[in-house]
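Let's start with one chain on its own, the form predicted alone, as structure tokens.
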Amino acid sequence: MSKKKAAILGATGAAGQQFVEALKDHPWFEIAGLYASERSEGKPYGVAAKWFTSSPLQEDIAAMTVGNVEKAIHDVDQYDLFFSALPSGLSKEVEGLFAEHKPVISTASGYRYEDDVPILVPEVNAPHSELIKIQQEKRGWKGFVVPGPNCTTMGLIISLKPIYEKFGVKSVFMTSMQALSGAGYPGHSSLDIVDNMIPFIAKEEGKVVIETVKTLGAYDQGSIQNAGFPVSCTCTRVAVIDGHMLSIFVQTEKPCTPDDLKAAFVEFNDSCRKEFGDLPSSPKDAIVVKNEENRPQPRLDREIGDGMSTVVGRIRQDEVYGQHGIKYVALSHNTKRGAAKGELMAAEYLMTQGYF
């Protein structure tokens, strides 16, 4: 099988670099174009991008000339698909121009809340991909836009999926302790974050609330019916480099003990392996349970499943709701599962379904 030619929009920023890293030696896709702002136009990528991800930049990618994203539409026929790492404010305008012609897989929020756009996480809502056909018919596009969820939402919805299916959900309360990398680069200054914790992240809580019920909703007759439970959350920034930690309380419709939940996670993993195990970016276990009382921890556990597994621990019965209340801690790698590599897995799934 010949590889699909992919271009990255917003390639020099933090999210764009994560796409470059995730696509390294990928068996199905190859980087054929890199686009960024006007100030990067004409420069070698290794010069235009201040490379700061964990793996070294490949020499062939470093030597590629960066194009101007505002002119990239003229090159649209050279590529099979686009990965967008554009800033959210720019994504709505620009991604639509490309989606008229080719598929666009995005980390940005510009199209997340449109009725005809799925926020796709294969293990959570693969049937939502059917909405792509509605999107194309409605907008007259040959391509489409498929964004992923906010990086904070990712660990929440993956861990909630088996609970919602098996026991039902009446309400969810969540507090996040989010890594610094989620603020982009350079993000917060050391004077802001050292010896400190910031109890507010602009727009984050609203995104989590909306995206959780949309992604867990049911696809029916050309539209998504949002999940019917309320979500309340508080989002905070802490002095951790990578890995968003979530403290989650779920009020369930049916009784759910910690042992019941662990069994549901095992069943969920088995189902995910059968359906998505052949995707190159799919982890062996979508959810990994840690039984130690002090795990998960970002530094120790964020790379489990190559950063694609949601790591769960401290599963406990709630003291107020008894067997109708369960609480736990979940860890998700925000720059891998919650960003480029998560969107890459969505692209892989869509490729197996014939959307490219």
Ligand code: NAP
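Given the structure is predicted, the values throughout are model-derived calculations rather than measurements. Each residue number is its position in the shown sequence, starting from 1.
The next section is about a form of this same protein that is not shown, the form predicted in complex with the ligand.
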Spell out, yes or no, whether the shortest heavy atom distance between residue 39 and the ligand in the predicted complex is within 4.5 Å.
-> yes
So in the predicted complex, does any heavy atom of residue 107 sit within 4.5 Å of the ligand?
-> yes
Contact test in the predicted complex: residue 182 vs the ligand, heavy atoms, 4.5 Å | yes
Consider residue 339 of the chain shown here, and say whether it contacts the ligand in the predicted complex, taking contact as heavy atoms within 4.5 Å.
-> yes
Pick from 126-134, 247-255, 274-282, 80-88: which stretch has non-hydrogen atoms within 4.5 Å of the ligand in the predicted complex?
-> 80-88
State the residue from 216, 169, 151, 235 whose non-hydrogen atoms include one within 4.5 Å of the ligand in the predicted complex.
-> 151
Stretch 6-26 - residues with a heavy atom within 4.5 Å of the ligand in the predicted complex | 10, 11, 12, 13, 14, 15, 16
